[in-house]
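Let's start with one chain on its own, the form predicted on its own, as structure tokens.
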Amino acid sequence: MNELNRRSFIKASALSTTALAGLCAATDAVAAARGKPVRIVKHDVVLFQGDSITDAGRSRDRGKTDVANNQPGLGNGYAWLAAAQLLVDRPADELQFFNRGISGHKVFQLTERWQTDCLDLKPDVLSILIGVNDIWHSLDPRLGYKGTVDIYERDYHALVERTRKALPKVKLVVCEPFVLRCGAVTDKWFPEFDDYRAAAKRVADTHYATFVPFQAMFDAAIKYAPPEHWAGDGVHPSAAGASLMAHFWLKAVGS
């Protein structure tokens, strides 16, 4: 980590120096095992896609969302933190970052808006984090969602195949869906949630994408601070959780 990133990470994580050093070493070791990294190069357009974890309260004002590198349009989560770090570190590279995450979405809802919210933007790097709602909404009978892990994986493969066909040179990043065992996350999520994680990994492997193992990262993190520190409801990351995600995403993509 460079000094600017280290200072911001320490502030957000609120851990002791010793604990922070151990956490960085543990999560960096996980990142190093993720396979061949994506390389973000000069003039790349980088698009973050997904649900509320990516959305992170981003503005829906087209004047903000349609302008690259606009903080309100990028939200307040890991996507903005990762983008900001690269913009600080590489000001001459003219990188462009966009966020099209939408809270509550599942894979089939990404599909419904994919032309406008992905293909038309022609990203050079596409990062997708999706899956927690695909299981969460199926566990709540009030929502009436009947999705399964098989539907999730089938739709995810189809989405990536469509993307590869339209954008054959796109550099793809598939992020592992994750939860922490607190808040809304109870025993009824398991072991099914692990099947969704495995499905995301198969999508990444099949389509030669860089895989970002966020669950492994948080599994390492809870050795240094309790689950509630990283995500109070077990799903949506705190400032500390988002900061850790941004650091880890940058490590995993090799930026």
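Residues carry their position along the shown sequence, with the first being 1. Nothing here was measured: the structure is a model prediction, and the numbers come from that model.
One more form of this protein, predicted in complex with a further copy of the same chain, exists but is not displayed; see below.
Segments offered: 224 to 232, 38 to 46, 195 to 203, 56 to 64. Contacting a further copy of the same chain in the model of the complex at heavy atom distances within 4.5 Å is 224 to 232.
Only one of the listed residues (Asp89, Glu161, Asp150, Glu112) places a non-hydrogen atom within 4.5 angstroms of a further copy of the same chain in the model of the complex, and that residue is Asp89. For the residues Cys182, Leu167, Ile102, Ala84, the 4.5 Å heavy atom test against a further copy of the same chain in the model of the complex is passed only by Ala84. Proximity of Asn69, Asn76 and Trp80 to a further copy of the same chain in the model of the complex is complete: all three residues have a non-hydrogen atom within 4.5 angstroms.
For the chain shown alone, Val253 is not a contact residue for a further copy of the same chain in the model of the complex, no non-hydrogen atom being within 4.5 angstroms.
When a further copy of the same chain is considered in the model of the complex, Ala209 lies well away from it, no heavy atom lying within 4.5 Å. Contacts between stretch 215 to 247 and a further copy of the same chain, counted in the model of the complex as any heavy atom lying within 4.5 Å, involve Met217, Ala220, Ala221, Tyr224, Ala225, His229, Trp230, Ala239, Ala240, Ser243, Leu244, His247, listed in sequence order.
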